[in-house]
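Here are two versions of the same chain, shown separately as structure tokens and labelled structure 1 and structure 2.
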Structure 1
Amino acid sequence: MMDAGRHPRIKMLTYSEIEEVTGYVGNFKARIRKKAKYVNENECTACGECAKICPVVVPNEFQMGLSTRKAIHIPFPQAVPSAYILDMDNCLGNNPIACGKCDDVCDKKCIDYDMQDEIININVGAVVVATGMDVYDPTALDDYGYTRFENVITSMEFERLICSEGPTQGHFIRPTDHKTPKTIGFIQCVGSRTQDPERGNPYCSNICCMNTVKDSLLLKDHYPDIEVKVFYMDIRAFGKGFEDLFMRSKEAGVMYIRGIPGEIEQDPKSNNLKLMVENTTTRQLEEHDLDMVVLSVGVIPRKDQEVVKKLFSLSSTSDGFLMESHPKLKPVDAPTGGVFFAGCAEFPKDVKDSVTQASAAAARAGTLLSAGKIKIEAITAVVDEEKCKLCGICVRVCPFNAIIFDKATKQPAHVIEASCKGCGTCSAECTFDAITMQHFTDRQMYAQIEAILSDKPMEKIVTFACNWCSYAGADLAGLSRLQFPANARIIRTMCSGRVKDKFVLHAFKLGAPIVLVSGCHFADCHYIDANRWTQKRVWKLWDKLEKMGVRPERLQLEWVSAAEGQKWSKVMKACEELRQQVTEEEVQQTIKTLKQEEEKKSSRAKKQPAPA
């Protein structure tokens, strides 16, 4: 941070937050609120006289509440800029002035109680999202006594206690008696690798195992006589040199016990902790007496991540972390053009991987900005201005905010091609057929449906599959030599959101017994939330079909990912079983009903008066 602060071409806005972002790749406009620090950072020399005289004492957030700070303080060591900030929520010197001691002792007169937030508007070409992560709060896991026993701490609190800049200047002590513990236990996977949502998350947090190995070596280096025990499911030391580090920890005398304790009890006299654990290696129930227990807590997405997602039109995976454009080909690109990821915003990773991804994100942003122009795929939406009725539906459904229009000036909708990704949701939702998807036009879709059903339609399953997940899942099923009926005819779309209700009804009118619409899982949509509009559209179609006397189950909706070849096989088998239950008479009745509906609609259109 210090190097970045000194760089002549880097402008750091600390103690600030982004309120709004508009525009598109190469042309973003951001509104930033620079919060009032109530201290002139350009004049402050960080002498510390103000903090010495300040009478207000509050818990220090950076030190995990293990020490205190004053109302006027430096947020953390090595903060950039190295200047004090006045915490006005706890300060006594404002509205009305009741203290003012910091202002009295400040020789530079840096204190300004009337300082206001500053709004800054900037234009940028690219954005790197590096918002980091939060850690799991083990309060819910009271089996380990985190809320009841002072000597049960988290791995984050351990880091502050053993750090030379921590509340104890690096002298590791027990919170209860301030003595160095003789035995200490680490419990792994607290808040990770569990299917119980009340006890944590199902994914591995990546960094916890090696963080504990590192902590155990720190303890052994500082206190060779200390006894360290690690209770674990399995140690995941997959990085470069990590296995060597793990073996060093064992050689140093750290005991690794394969088993997770059930609960912890405390001796009321000595404050020592007692835990029971089933050692799955020896298959014995063991009892361990410990002076301290460290909970190795997992990593969770940022609590304010929803704000970031809305600012940049981002999507997230099922675990809550931000989803990249493509896990292999574009691992640092967001689905929104010009936005890139770095660090744990995407998924849990250690410092090395975070630095690697940050370098990649900087390179991608630099490549974009140096090009001057961007290349886009020719699959974007085009608005027919003569057909556009200014209803605004397309603007509302576009997941990338790529469509704009001004109803007040009666200007038709306009597509920002640099932002459009070609998902086709706008075209599917437009009731006036005013939007055409290049290379995925309605005419092309109808032609494919008609070609599929031109011969032996009763034997076919018309399938609409999204390009990124379902189509890839079908491909994986074939490559894996999985057995499933071969009578499904796939129509590839960029997104399931492209499938109009008219496409489905046209297939039924031509004699299709079964129509399948398949796309990405809700949390994995490559077009942020476009598949949610797919679901809404299919729900309406089911109601419409039922009112017309057509069995709704003849229209199937399934979510299949690119890795679910097995599921694709099962879905195809289920659709084939359903197809065999559809009779020729039922299909003919459906064709007759749909034609009658078309005639009624055409008759109503003719009766309507022509527009003036």
Structure 2
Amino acid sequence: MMDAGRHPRIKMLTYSEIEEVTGYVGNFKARIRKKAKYVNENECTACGECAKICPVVVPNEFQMGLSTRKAIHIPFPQAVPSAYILDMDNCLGNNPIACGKCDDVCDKKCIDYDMQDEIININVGAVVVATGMDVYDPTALDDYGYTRFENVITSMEFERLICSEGPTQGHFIRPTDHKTPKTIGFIQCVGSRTQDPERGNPYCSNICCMNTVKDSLLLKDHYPDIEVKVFYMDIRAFGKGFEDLFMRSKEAGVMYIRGIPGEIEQDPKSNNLKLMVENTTTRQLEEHDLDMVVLSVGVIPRKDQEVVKKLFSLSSTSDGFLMESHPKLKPVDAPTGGVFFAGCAEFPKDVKDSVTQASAAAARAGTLLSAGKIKIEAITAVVDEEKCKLCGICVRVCPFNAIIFDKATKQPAHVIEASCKGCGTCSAECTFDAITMQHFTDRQMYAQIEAILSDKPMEKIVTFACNWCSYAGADLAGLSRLQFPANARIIRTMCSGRVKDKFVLHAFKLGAPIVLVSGCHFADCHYIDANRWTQKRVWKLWDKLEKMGVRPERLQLEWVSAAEGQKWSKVMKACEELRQQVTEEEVQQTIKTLKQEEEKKSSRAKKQPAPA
């Protein structure tokens, strides 16, 4: 921590949040709000005089509420930066009648009640997301009585109670009588490895087994006579040195009992606890009398994770943690270029694994930064100036403001290549086919549709899948070996926004029984909100199809994320069911109707006089 605080090339911005990120790999712009601490952190010497005199006492969050702090406080003794902060929500204010005592005693006059938030804009090439995790809250598990029995604590509270810097200076005591317990039980997998969503999450939180082994050794080290019992379903001691530590704990006399307790009761007089468990080794129902119980709580994704997901268009895997670019081959790369993961944001990790991934993320970011330049995929839009009719719709739909057009000057629209990300929405929305999406041209798309339907069209489901989510979700279905009917033929686009209405109508005209358009969920769209245009377009198409007497169900719209292999499989099965309901006559009728529509349109166009 200290090293980071004094490194000449690290600019530390604490009590700060990122409000906005624009740009792309190699060239991000971030707007950061450095919130007011009301204490000049560069001048503060952490002498502590201010806190001594501060009259406001509130629970100390760092000590898990097991002790108190003042309104002006230092987060914890070794905090970096080593400076006090004034908690304005609880401060009485600087009105001399009300208070203002801290300011009176601060020799260096560091306290500024009028301090304002500061906005800092920075430009960076790479981003490491190390936003960490939250700890499972066992309140919902009422049978363990976390909220009813004071002597039932969580493993995080245990850490503070055993720590020499903790509320009891490391004297391990139980909350009700402040005496060191003689018997203590640990319950494993609290909030982890359960299929019941009301009791936690299905995944293993990775760290709790070893954390309990460590805690049991700390207890045995401090209090050799204490009786420690660990209730578990499996002890997962898979890492280097882990089994040794587990054995040491057993040798120290810690009892490991295989079985997850059903219920805890409290003796109202002594506040002692009685725990019921089925010991699955002896197949006996057992009762254990304990002075104290520690719930070994699992790890959950950060509750405020949505913020960072939105800033960088990130997605989550089914467990809720941030999704990496590839689970094996690109485990620290985010799907968004130039963004990398370190630590528990990606999945629960212990200190060693977090440090390992941090180094990996630093190295991955380093490969990008050291190159000094990067090639942008040549998938950008180009306007055919002769075809452009100056309607301006492309400007309106571009999520990146990459198209310039000024109605007053009557100059055709123009795409800024470096800003264009290649979603293709402009090209799909342009009524005059004036915008070419390079490498995903209309001609290429039509050729693909025609190739699908040139033979046995009745058996095919024409499927458009966006590169980042749906196509990747289909890949995941493959990786997971999910099995479904083989009728879909996939056309990859960068974004579902690229799917022009004419592509869909072309497919129906060539005899497609079912067309599926699939893209990212709204929050996940890699082109900000380009898929909203997809939705609008599909809605319009549904109306149009209905008017023409074509069943709108034959055009399907689905949002499938890269983590939803299962959903892809379901969608494939559902589409196949729909396909089987479409009759040959129905398809022929659609072809006929679409051809008539086309003829009407072209005869109308001929009648219309050419614009002057």
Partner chain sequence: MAEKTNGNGELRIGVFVCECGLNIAGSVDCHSVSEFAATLPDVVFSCVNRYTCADPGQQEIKRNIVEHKLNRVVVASCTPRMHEPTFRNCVAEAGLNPYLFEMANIREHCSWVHLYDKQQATEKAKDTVKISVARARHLSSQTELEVPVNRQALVIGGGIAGINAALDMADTGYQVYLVEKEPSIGGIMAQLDKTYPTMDCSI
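Counting starts at 1 with the first residue of structure 1 and goes up one by one along its sequence. Computed from a predicted model, the values in this text were never measured in an experiment.
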Mapping for form predicted alone resolves to structure 1
Are residue 372 and residue 447 assigned to a single rigid part between structures 1 and 2? no
Degrees turned by the smaller rigid part between structures 1 and 2: 13
